[in-house]
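What follows is a single chain, given as structure tokens, in the form predicted alone.
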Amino acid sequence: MAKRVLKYLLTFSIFLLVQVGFVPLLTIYEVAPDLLVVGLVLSAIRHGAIAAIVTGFLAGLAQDAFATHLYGLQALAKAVAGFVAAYLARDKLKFGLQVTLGITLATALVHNLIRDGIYYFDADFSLLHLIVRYVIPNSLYTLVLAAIAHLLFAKSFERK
């Protein structure tokens, strides 16, 4: 158990450093992938709901440490996303590319809808604009990252 926790701490620390340090370089017109959501889906597939929710909350809290305002927003969005990922993965026995990408897309959509909906709450544009301009592009970019991760590390996306 302690070995698994240590392994996840190390993995998510690397994900967080890449997310904070490297992903901004990949941003295109304010659209960026979220590597931590991919890690969250991986945690949900491998270890279930409780692990995914706790992992999402802690990863989001760590990501909030780099935020300048709205502390706790990433923790909330990632905890809910962890629940969604685990709920969708609960009865699956085999995780092929399509299943993993479907779970990742649904998780990223929920995560981005919560995060961007709260972040842009005071902005002067509609929900449709928010979804079309931020939620869907960010989710699709995260989906591309998940596809690459699944193709490179397919064995990691198997249930333990």
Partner chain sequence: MLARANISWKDIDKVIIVCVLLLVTVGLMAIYSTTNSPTTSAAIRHSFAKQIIWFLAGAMLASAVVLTPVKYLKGVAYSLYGVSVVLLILVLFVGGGKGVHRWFILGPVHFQPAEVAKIATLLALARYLSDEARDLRSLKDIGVCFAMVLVPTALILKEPDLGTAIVVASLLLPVLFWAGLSPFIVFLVVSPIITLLSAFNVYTFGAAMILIIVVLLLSKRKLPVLLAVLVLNVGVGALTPSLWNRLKDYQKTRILTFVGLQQDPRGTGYQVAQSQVAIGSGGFWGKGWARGTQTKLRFLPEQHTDFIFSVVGEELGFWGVTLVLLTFFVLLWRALGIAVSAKNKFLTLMVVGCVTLIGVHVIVNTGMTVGIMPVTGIPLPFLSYGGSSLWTNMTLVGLILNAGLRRFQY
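Positions refer to the first chain, counted from 1. Just so it is clear, the structure is predicted and the values come from calculations on it, not from any experiment.
Below, we refer to the form predicted in complex with its partner chain, which is not included among the displayed structures.
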| query | finding |
| --- | --- |
| Site test, L16, L36 and L42 vs its partner chain in the model of the complex, non-hydrogen atom cutoff 4.5 Å | no |
| Heavy atom within 4.5 Å of its partner chain in the model of the complex - the one residue of L127, L70, L97, L26 that qualifies | L70 |
| Options 49-57, 28-36, 99-107, 128-136; stretch whose heavy atom lies within 4.5 Å of its partner chain in the model of the complex | 49-57 |
| is_contact(D116, its partner chain) in the model of the complex, heavy atom dist at most 4.5 Å | no |
| In the model of the complex, V80 touching its partner chain (heavy atom, 4.5 Å) | yes |
| Any non-hydrogen atom of L88 within 4.5 angstroms of its partner chain in the model of the complex | no |
| Contact label in the model of the complex: A65 to its partner chain, heavy atom within 4.5 Å | yes |
